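This document starts with one chain, in the form predicted alone, laid out as structure tokens.
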Amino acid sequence: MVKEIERAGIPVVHICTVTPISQTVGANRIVPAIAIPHPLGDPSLPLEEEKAVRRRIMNAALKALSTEISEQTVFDVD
């Protein structure tokens, strides 16, 4: 589905826990997530730390959306 949305001219970011699978299916902008049961957070962390983790992932995704790319790119979560 990611490829079809991109083909329509809409940039898409695939946030995923297993980046090789995203690369295999052809996602262009890939942002690594935390873990399969909790891709955008870590419930074992205190609330403020978990919010910081989520914020970093979402900031990476927004950066990926605004970045021109010419090939598949895996963006770092800072």
Partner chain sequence: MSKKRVVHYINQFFAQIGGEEMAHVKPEYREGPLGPGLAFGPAFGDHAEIVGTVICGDSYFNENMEEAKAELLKMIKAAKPDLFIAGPAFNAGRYGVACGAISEAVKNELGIPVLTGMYEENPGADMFKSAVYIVSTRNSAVGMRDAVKKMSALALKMLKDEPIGASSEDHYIPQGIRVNLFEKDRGSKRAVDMLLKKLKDQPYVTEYPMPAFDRVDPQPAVKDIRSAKIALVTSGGIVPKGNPDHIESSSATKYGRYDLEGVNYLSKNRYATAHGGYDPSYANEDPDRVVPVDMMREFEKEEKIGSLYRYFFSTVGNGTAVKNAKAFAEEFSKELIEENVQAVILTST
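None of these values were measured; they are calculated from a predicted model. Numbering follows the first chain given and starts at 1.
We do not show the form predicted together with the partner chain, though everything after this point is about it.
- At a distance threshold of 4.5 angstroms between non-hydrogen atoms, residue 39 is in contact with the partner chain in the predicted complex.
- Interface residue remark: residue 2 is counted as part of the site for the partner chain in the predicted complex, having a heavy atom within 4.5 Å.
- Contacts between stretch 50-68 and the partner chain, counted in the predicted complex as any heavy atom lying within 4.5 Å, involve 50, 51, 54, 55, 58, 59, 61, 62, 65, 66, 67, 68, listed in sequence order.
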